[in-house]
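Shown here is one chain on its own, the form predicted alone, set out as structure tokens.
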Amino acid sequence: MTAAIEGAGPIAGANPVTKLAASAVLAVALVLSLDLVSASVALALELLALPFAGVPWKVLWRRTAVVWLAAPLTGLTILLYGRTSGTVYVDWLLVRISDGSVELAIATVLRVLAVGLPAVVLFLTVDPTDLADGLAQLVRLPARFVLGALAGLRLLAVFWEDWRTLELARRARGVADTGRLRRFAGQAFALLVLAIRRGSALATAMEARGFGAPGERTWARPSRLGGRDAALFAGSVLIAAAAVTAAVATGSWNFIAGR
């Protein structure tokens, strides 16, 4: 698992639960309608807020590259096979490009960016342990479930190392020289067995340390909400409200339930 980035901006220091709530507010507001105006307004306001995330620009571009790549590919699919309306420019086999598909494609690209970018940026500076503390203490999720998920998430970091170790060990024994598919299947099964053994050992160790004990548990690091959390959540609500208001005011609001 990729480690959290040490951000210096005001958004970076917000509680992980607040970041999760802010991302959810933006996502819900943007998925309610597929139109150009709401996605454009939200994306523009989000780009203005990016400097406050406290993430270096090089790291930001590298970590959000998947979103920048996925958005045009999604729009391309809508462009070629989207709803037909207005003037038809290309009609070949299953491909039909028209005014309607072009508009939907642009709106889809903007919406993917407006939903994906804040989700990625907000969680770049989230430490899994802080998130688990917040979910258990503030959201009141079951501590056993939260701690178990955190332990499993931490183990993801060693999967690649285990895979590489298994590969080297099998090569040293001469059992990985031929047959890529057979080699991959055998190595994947070996990794599964190793993961089950490690998980069982970890579960036993956690039980021995009282992680599964009944009653209310204490926490080494209290998770609290502050002024920057209120500002972040209020900012997400304002961005969502501005996007929806602009779409409704211009008559471009296109509620997806009515499609």
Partner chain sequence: MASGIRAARLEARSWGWRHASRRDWAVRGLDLDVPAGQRVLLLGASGAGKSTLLLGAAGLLGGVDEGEEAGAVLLDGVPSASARGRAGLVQQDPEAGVILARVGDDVAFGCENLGVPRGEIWARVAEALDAVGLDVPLDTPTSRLSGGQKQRLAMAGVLAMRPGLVLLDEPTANLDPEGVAEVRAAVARLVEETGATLVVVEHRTDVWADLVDRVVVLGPDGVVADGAPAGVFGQEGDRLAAGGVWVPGHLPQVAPAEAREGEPLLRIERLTAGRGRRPVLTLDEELEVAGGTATAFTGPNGAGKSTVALTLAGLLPPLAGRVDALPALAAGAAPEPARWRSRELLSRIGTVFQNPEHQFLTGRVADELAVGPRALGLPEDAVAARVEELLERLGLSRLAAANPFTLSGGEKRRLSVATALATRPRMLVLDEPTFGQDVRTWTSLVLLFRELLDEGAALVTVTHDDRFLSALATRTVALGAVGAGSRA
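Basically, rigid core = biggest C-alpha set you can superpose within 1.5 Å across the two forms. These numbers come from a predicted model, not from an experiment. Numbering follows the first chain given and starts at 1.
Beyond what is shown, the protein has a form predicted in complex with its partner chain; the following relates to that form.
Full three-residue contact with its partner chain in the predicted complex, heavy atom 4.5 Å, for Pro72, Thr74 and Arg140
Answer is no for this spot.
Only one of Ala44, Leu50, Met206, Leu60 has a non-hydrogen atom within 4.5 angstroms of its partner chain in the predicted complex; which is it?
Selected option: Met206.
Looking at 145 to 153, 82 to 90, 109 to 117, 96 to 104, which stretch has residues with any non-hydrogen atom within 4.5 Å of its partner chain in the predicted complex?
Heavy-atom contact with the partner occurs in 145 to 153.
Could you confirm whether Ala172 comes within 4.5 Å of its partner chain in the predicted complex, counting heavy atoms only?
Yes, Ala172 is a contact residue.
Can you check whether Trp219 is within 4.5 Å of its partner chain in the predicted complex, heavy atom basis?
Output for Trp219 is yes: heavy atoms within 4.5 Å of its partner chain.
With heavy atoms only and a cut-off of 4.5 Å, decide whether Leu202 touches its partner chain in the predicted complex.
Contact check for Leu202: yes, within 4.5 Å of its partner chain in the predicted complex.
Is Arg164 near its partner chain? Define near as a heavy atom within 4.5 Å, in the predicted complex.
Arg164: contacts its partner chain in the predicted complex.
Where, within 113 to 130, is there a heavy atom within 4.5 Å of its partner chain in the predicted complex? Residue list please.
Those in contact are Asp127, Thr129, Asp130.
So that I can tell if Ala169 moves, could you say whether its C-alpha shifts by at least 2 Å between the shown form and the other one after the core superposition?
Result for Ala169: yes, a 2 Å-plus shift.
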